[in-house]
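So this one's two forms of a single chain, laid out as structure tokens and tagged structure 1 and structure 2.
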Structure 1
Amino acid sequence: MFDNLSDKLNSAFKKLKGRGALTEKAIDEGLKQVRMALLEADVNYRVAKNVISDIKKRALGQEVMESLTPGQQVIKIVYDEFSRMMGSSHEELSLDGKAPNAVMLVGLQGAGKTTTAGKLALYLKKNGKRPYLVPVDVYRPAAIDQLKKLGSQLDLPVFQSTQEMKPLDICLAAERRAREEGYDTLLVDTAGRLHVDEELMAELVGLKTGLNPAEILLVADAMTGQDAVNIAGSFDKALDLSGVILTKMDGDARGGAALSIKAVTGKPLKFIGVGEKSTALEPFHPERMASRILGMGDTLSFIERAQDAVDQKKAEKLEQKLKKNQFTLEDFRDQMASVRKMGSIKELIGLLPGVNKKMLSGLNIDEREFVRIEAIINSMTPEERRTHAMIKGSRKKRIARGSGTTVQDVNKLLKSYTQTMKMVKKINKGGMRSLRGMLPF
């Protein structure tokens, strides 16, 4: 079986060695794998279908970036589209209205509302707010007790509701109390309910009308399957949510529900719950979620790093030089430096398409070797770097001294450089398709 999407894509693209723009055939083949990955991650069937067709429209005719394979290029498009869908950055709660502002937590049973209420209160307190926990779950046995206990564990104030009170009465009384005590944010922990329970959904609408909350957050389980669209859609329709908190993200669920929920509601994911501890609440980062759903953090980070490290214009210039066999030792050094900027060489080779862990196990790369090579080239004069043929005996000695190496080392470098140049001449039409061509060692 395939470990992740990038493996799948690599195998799908093995046959495709074409260059330039992505062909429809290549895209279809790649997107089939992407679709499977989405479904395996619990992205809703119809959402996945729409995403795929959007991506296809974007991908058609796109140029393949010089530093990427077609498979990686498709992943990049998918990833960009995902990040775009998820929102570009973390969105904070908007609690700047006249105090006290209310934050309502809603969701199904067992999604983690009460636990999240505690975590969120702690988070707000750390950010200079004065939160007030308001237990409104009068249905589940001991739900109110749970929040009261959490409150005392975390040293946070809790409104003393009782099961006999009506939810709206609790909220209004808590609001009055907050004004008296100077609490600026109410965290309203509502009872878990099914989105198809009309009576209980109507109760939430009543709370919204009576309380006019600044935020209504859906608390949803990261492990939710296909039904996420129905759940989130119903809550959003009834309440016009302001955001979503995804819980139980410390498990191994891929969390495709995040994409489904975002697609259906259009509301931002604001936080994720990542553990049993009360501090285990983190701001949501769209790009991390995208790579988690795709199950391919490695390749994505490689693509990111490649994008950062390789300046497009520079790369084009280099390719021109290579084509004209004008690739000097200077270029060689620059290229190596930009590769090294991306991480350790072994790690990078491991990320390359077609390279698996088995192949890597026999590979013993001395990272210091690259430092030596850089030092040697740095010890040359600009002229020497441009015309390596002029480097003879006494120059070699000087360079070895300057770089703290030996004449043998300098010879070795010059030899591999000439070999590389021979290779470049041969594969000139292949250009810099893969980084592997750049590593003659």
Structure 2
Amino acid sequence: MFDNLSDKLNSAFKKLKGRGALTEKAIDEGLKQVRMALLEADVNYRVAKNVISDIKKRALGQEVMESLTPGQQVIKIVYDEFSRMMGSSHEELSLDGKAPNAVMLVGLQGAGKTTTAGKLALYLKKNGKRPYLVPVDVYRPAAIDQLKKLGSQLDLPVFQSTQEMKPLDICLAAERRAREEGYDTLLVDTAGRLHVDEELMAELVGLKTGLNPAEILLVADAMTGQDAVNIAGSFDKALDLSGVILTKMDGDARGGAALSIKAVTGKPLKFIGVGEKSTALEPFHPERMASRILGMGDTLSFIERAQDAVDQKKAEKLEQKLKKNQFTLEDFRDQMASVRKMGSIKELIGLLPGVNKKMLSGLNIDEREFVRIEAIINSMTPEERRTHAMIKGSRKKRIARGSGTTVQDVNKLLKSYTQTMKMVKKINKGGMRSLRGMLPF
């Protein structure tokens, strides 16, 4: 996401950073490029105009004109204004009222409400909540069954509603059940339509009145660009939204909706969907996103992903194994799995500061290679995983057959493993802590 915008902004900033002093004309030329980049990213025209005006006012002030590094100061101002445009800081869900608190998920058909309900439930569960999924889309065929199936896959409780029930009756019955069972958060997956209409809004207003939800979140498709912003305006007018969740952000290279939605509607973007995995829902942090857009990376998000993926006790045990040169192929597989939990390798590299975007775009990482490695190690006996030196010709053939790979693939893995172990031997004990939980990458 934001790849095209980042490239164009970096091109504009390169010219500004190359100057020892900045004139008003130079600032105007640079900001003209920034404005064009925003418009090409499908940012709302009025939003782009206002943010450029605010940047220019500050850029012509003393903090830039009298600076020894005026170009860097302008970039800092752009970062500040982009953050402010998107909301300045992350806004948490307001779930501190008397339990159970209801969260209504609303939006058009096809935006990803049901999938998002499952992702949000997992996120809340990870953060100490007891969510209860409530399907109230009694119109779309199999919509209720879809959420029930998703709940079963993710080990999440789902209220057993039927298409014969009325939406508000479902919500009130689920609320009573939640109190009885000790669930503290209702996630209400409402019906959608292919377009905004009076019938849809009337039903949602009725649900809001009867349920009195703590949060009403619009789920919108980021790929629709400014249409998502316009849809947010329509739903907000009828329901007074508390926030927005943008899905499919990983497929939106422009990002105009994410940049515009807070400035146009006044409602915060609270979460973004960044993939198909059940864990691919991230809290939206405007300041971190501004940093990503400007090519500064997102170290905090990288650290948070690492903390989620790595078990502290296992990491400490691994450190001791590394120090004693007891790191086995089984450990190699487990650490690879931990890194993969954090996201795709290319995506993780993109979160690191100072990574060249052009280099990243040309980086071709075959994620299937990790699946092959895991299959090869799983095809080994426990003894072979612990003592790789015993894996000779006949064993390699058996492992290759069992994993659906070739002997060459097995040799490649063993070579990679032995090289890793040689590297570990060269690292002194003081450097071990930096490797904790991160091998083999």
Partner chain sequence: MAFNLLKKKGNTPEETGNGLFGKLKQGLSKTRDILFTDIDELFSSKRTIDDSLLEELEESLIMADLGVDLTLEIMERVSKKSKKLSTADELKAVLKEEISALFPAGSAEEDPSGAVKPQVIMVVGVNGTGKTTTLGKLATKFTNQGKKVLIAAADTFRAAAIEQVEVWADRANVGIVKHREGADPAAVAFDGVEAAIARGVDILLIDTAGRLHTQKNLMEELKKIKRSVGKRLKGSPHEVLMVLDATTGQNALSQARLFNEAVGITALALTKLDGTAKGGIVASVAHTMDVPLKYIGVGEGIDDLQDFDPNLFINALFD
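Please read all numbers here as calculations on a predicted model, not as lab measurements. Numbering for residues begins at 1 and runs along the sequence of structure 1. Heads up, when I say rigid core I mean the largest set of C-alphas that superpose within 1.5 Å between the two forms.
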property: Displayed copy of the chain that is the form predicted together with the partner chain; result: 1
property: Exceeds or equals 2 Å, Cα of Val229 between structures 1 and 2, core fit; result: yes
property: C-alpha of Leu194 off by 2 Å or more between structures 1 and 2 on rigid core; result: yes
property: Displaced residue check between structures 1 and 2: Asp169, CA, 2 Å or over, core reference; result: no
property: Value in Å for the CA shift of Thr387 between structures 1 and 2, taken after the core is superposed; result: 62.7
property: Core-aligned Cα shift of Arg288 between structures 1 and 2, given in Å; result: 5.1
